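Two separate entries follow, structure 1 and structure 2, each one form of the same protein chain as structure tokens.
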Structure 1
């Protein structure tokens, strides 16, 4: 699938690599994991070692002179100590329909997309306490990014991998970062996205009226000005979760 840019150059809007395809004589495509504005993410396997990896392929018209792939690689390296970030390995290039295509190779993370994980829950939602654990794991991970003056910019349930769920959540971010110099507004957007994920994970508008006061004090009816008055960064949201006192009703639900 493709076309042409305004300069007349070829444009690629989808790679559609099929399972079993060999790339750069080094990797075999296993499956597609997701897609975004700047490219697509695939599960690949090293031919020589059999090790599974993740690869992000950049659309050439979005990655002029490899600008975005280079920025992305440097950011992955910068945040290598943040627990929610998948560890970066190397950068490679292939030719696709006559165009050079850069892709970044990172560790492969086993798990389930949060969107799919929620679909498998009773009533397709989490209890309030489960949702608070999810929100705490996300806020703690994003706080690591915010403390470095950066932001994520595209938080949603199809960009979050649930690796493990027990007392808490182990999470990884499948895709990261929109481009541009970080601004306070970007960090505030992340905070609102975190609250929105929590709101949706515990049932959204359908169940909101019956949620405990402590839950509503976090969601603020999804009113941006109220959320940001309380939480101006992921760290402030995390601190609130760690010090809040639960005095609301027991979290009950009907099992269907």
Structure 2
């Protein structure tokens, strides 16, 4: 699919790579995973090793002089010690319809999207205590990013993969926002998004009235100013979770 830019250049709005297509003589397309404003994400496989990876392809008109693919690659690299961020491997360029197209190769994460994980829970929600574990894993992961003065910027249940769930959660975050320098406001938005994910994961508005006081002390009825008065970064939220005392009154599901 394509159009024309104001300079008369061909414009690529969709790659639609079919499975089995070979890329840069190194990778084979397995399937398309997602499509967004700046490009498409594919599940790919290394030809030589058979190892699964993901590739994010940038539409050339959204990636002038490789600007955004480079920023994104460097950002992923910067977070290489944050376990919650997918590991970046390399960047490649192919020619597609006569245009150079860059793609970033990262590890393929085996697991389930948090959205689908929650849909599969009894009553499509977690108990409050499970939800606290989820929130703790998220807050700890994002604390690593906030400590670097950075932010995620697009936290929601389709950008979080549950790799393992047992005593706690192992999570990976996808799809970071990477436009523009970080502002304190961005970190605060991440905190509010975390609390919102927790609130929704334990049943949202429908079950909120019956939640335990400890839960309400975190969700603050989703009132932004109240949340931010308590937690100004993911680290503060994590500290709270690690020192809170759980009484669990009003939470009937606890005793199931």
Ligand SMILES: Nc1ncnc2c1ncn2[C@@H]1O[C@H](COP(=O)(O)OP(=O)(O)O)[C@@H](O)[C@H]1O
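Definition used throughout: the rigid core is the maximal C-alpha set that superposes within 1.5 Å between two forms. What you are looking at is a predicted structure, and each value in this text was computed from that prediction instead of being measured. Numbering follows the first chain given and starts at 1.
- Only structure 2 is derived from the form predicted in complex with the named molecule.
- The rigid-core alignment places the CA of residue 32 2 Å or more apart between structures 1 and 2.
- Put the two forms on the same core and the Cα of residue 21 is off by 2 Å or more between structures 1 and 2.
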